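What follows is one chain in structure tokens, specifically the form predicted alone.
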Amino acid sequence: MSGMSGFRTVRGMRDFLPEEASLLRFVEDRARKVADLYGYKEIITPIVEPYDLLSAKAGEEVKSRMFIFKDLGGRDVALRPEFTASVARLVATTLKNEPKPLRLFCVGSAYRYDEPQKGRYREFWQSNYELMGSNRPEADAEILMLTNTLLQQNGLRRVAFKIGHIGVLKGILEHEKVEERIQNAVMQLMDKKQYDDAIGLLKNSGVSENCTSIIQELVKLRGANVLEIVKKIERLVKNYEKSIEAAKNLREILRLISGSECRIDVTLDAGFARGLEYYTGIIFEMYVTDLDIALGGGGRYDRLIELFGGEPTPAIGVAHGLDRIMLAMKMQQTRPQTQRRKTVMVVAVGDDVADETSRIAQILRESGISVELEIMRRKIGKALEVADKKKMDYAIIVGKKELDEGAVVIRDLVRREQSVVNIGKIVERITLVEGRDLP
């Protein structure tokens, strides 16, 4: 490799150029607004955490894809593959005496050594909401409604939720005394939709014929007529007490959503499983039609905080994939509705007006106008060409002749008109031009 010319980003990482960065910040800003609307307080946790914390209940799939290294003190640390473990650590320790429920929000990057593909990177961005301290179905319904609000706030259409309940399957497997390691392996396979392999693994572990046939039936149960499907689940699991409770819990949550006037498009999938081991109740993912990757997902995890040495604390959380939301917005051609600042280039004519040019730029910035000072000493014509290329609204030309009369030339780059304006009136002229102060 000659010199430094061959540098690229590390595989699975990427640069955000200004337009992309601006879209990411827009989506992040919407996530903060939704946190505010629902009363979630923002916290910021480290990107690097102890490996033991992150691997405790992550599941084999996630564990095998973590960025793990020894720090210089010889400690095993890793880049966070998600946020929940960090938030649970805080709630088990520093926040343990705070009044419940705790509503916590965080946003930032996470890292997994996945195979890069459409909408999937090794460094990815998430907004994360955790509701800790309540085991009521109202908490589960809130997290679903909040997610729906967030996707609507980003202008996404045709959003669909896929919902399942890990308690239905776990109730059967626990009753059949399947050891936890096998249970987790079965869930991992079901998460990848490898249902035959999952059933095979169960048969080998010595469960009853009845158990495998019920699970085979459950896996086939999915559809939009959710209450009908819950009834069928209840009939199938009638001999498994914990599974019946799980189905009732699911019915309650669905009833709350449909009664809330919050229009959520829900598909129920009885054989749905997710890759993290800590789930204990409802689990869900969100999609938009036309894009077959999940925009995010979440679920209930009632034992994690206890596992980290805290008090028994029921909890539910959700993570939204900001990269994927951006991808969906581009696909649906959703333009972020933001107030755009006026943009101005200030150009000096000659060297003897530099001080005055800087002063004018400062006056404009203090009024909230975005100003680029022309610092390449270009000729006027060339400077205007550059301002045009950058799609700027105005150019202010500062020349000796006009300055002597306390004025400058303002050129409207959209209308192609220019006029001489008194320095004291520049701000008013730029912000109040009729029809131009729209976003």
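Predicted, not measured: the structure shown is a model, and the values here were computed from it. From 1 onward, residues are counted along the sequence shown.
Not on display, but discussed next: the form predicted together with a further copy of the same chain.
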### Message
Quick one: E82, L151 and K220 and a further copy of the same chain in the predicted complex, is every residue within 4.5 Å by at least one heavy atom?
### Response
no
## Note on the structure
Of I163, I199, V178, V107, the only residue with a heavy atom within 4.5 Å of a further copy of the same chain in the predicted complex is V107
### Message
Only one of V398, V27, L384, V371 gets a heavy atom within 4.5 Å of a further copy of the same chain in the predicted complex. Which one?
### Response
V371
### Query
Does L227 reach a further copy of the same chain in the predicted complex if we count a contact as any heavy atom within 4.5 Å?
no
### Query
Closest heavy atom of T9 to a further copy of the same chain in the predicted complex, within 4.5 Å or not?
yes
### Message
I'd like to check something about G133: if you look in the predicted complex, is any of its heavy atoms closer than or equal to 4.5 Å to a heavy atom of a further copy of the same chain?
### Response
yes
### Task
Would you please decide whether R89 lies within 4.5 angstroms of a further copy of the same chain in the predicted complex, comparing each non-hydrogen atom pair?
yes
### Summary
Given 285-293, 265-273, 212-220, 139-147, the stretch touching a further copy of the same chain in the predicted complex at heavy atoms within 4.5 Å is 139-147
### Message
Only counting heavy atoms and a 4.5 Å limit, does any residue of 294-310 reach a further copy of the same chain in the predicted complex, and if so which ones?
### Response
L307, F308, G309
